[in-house]
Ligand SMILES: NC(=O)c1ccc[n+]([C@@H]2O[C@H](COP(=O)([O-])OP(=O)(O)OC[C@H]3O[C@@H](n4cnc5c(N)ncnc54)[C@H](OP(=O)(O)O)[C@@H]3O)[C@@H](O)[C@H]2O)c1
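Below you'll find only one chain, the form predicted alone, shown as structure tokens.
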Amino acid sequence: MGSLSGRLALVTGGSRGIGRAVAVALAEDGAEVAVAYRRDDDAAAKTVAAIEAAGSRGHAYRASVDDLDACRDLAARVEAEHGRLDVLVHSAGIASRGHSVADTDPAELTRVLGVHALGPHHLTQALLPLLRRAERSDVVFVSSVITGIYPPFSGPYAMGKAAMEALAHTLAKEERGHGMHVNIVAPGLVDTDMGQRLVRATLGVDDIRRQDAASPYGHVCSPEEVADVVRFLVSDAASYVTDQRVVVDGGTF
């Protein structure tokens, strides 16, 4: 994939799931990696240990991305402790509750949009001065195939991801002159805690692995398969790639 040695990456939602897989993948390619997480100190520590086992340096920052002050504080800590940032991956996410538009609680809508849309905007804005200093910087937004299908009973989540993608496409055009690459990765069903909850709620399936036989290539997508796309997008192999949306769903949609 090309060496990321000498580059510093920050991955939100890095304590578990896709974020954790991305953090470890970037470390394997030589990047120093910081992970931002909301509350699970033990999970964050395990991610840092995995980063260091991959031969890199790891850091953990507790911060809720849906909080403007927390985003600004996180950016200030990264600048104070590292003085630079080369890669930013927005992977923090939460699921909506599966209600219809008629039955959606306004508080849920605010919470989901905060994590998926407002938080990435606030954190990116706060980190732009550092990203602009890099000879090349990358921002990757982990979205979802939901923005191509918009199923019923998914309003808050679909709205959040759609707004995230709008931010990504806008940012790509605004910051290209500063050497920034901005791209979107849109997975389908992935074997994560969130994916497990999704199949339990929608299919009544207790084990996501029971979906392997019905999935493309005989298995549900793994977090590592999504991470491999991210590591490509931030590598030298993607030096002329920006403003793209890469779907990772085995051709399902």
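Residue positions are given as counts along the sequence shown, with the first one as 1. Remember, predicted model here, so these are calculated numbers, not experimental data.
There is also a form predicted together with the ligand; it is not shown, and the following applies to it.
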property: Contact stretch among 50-58, 22-30, 190-198, 210-218 - heavy atom within 4.5 Å of the ligand in the predicted complex; result: 190-198
property: Non-hydrogen atom within 4.5 Å of the ligand in the predicted complex for each of Ser15, Ile18 and Val115; result: yes
property: Ile94, Leu171, Leu130, Ala163 - the one with a heavy atom within 4.5 Å of the ligand in the predicted complex; result: Ile94
property: Contact label in the predicted complex: Val65 to the ligand, heavy atom within 4.5 Å; result: yes
property: Close approach of Ser137 to the ligand in the predicted complex, 4.5 Å, heavy atom; result: no
property: 4.5 angstroms heavy atom contact with the ligand in the predicted complex for Asn183; result: no
property: Touches the ligand in the predicted complex: Val89 (any heavy atom, 4.5 Å); result: no
property: Those residues of 116-145 which, in the predicted complex, come within 4.5 Å of the ligand by heavy atom; result: His116, Val142, Ser143, Ser144
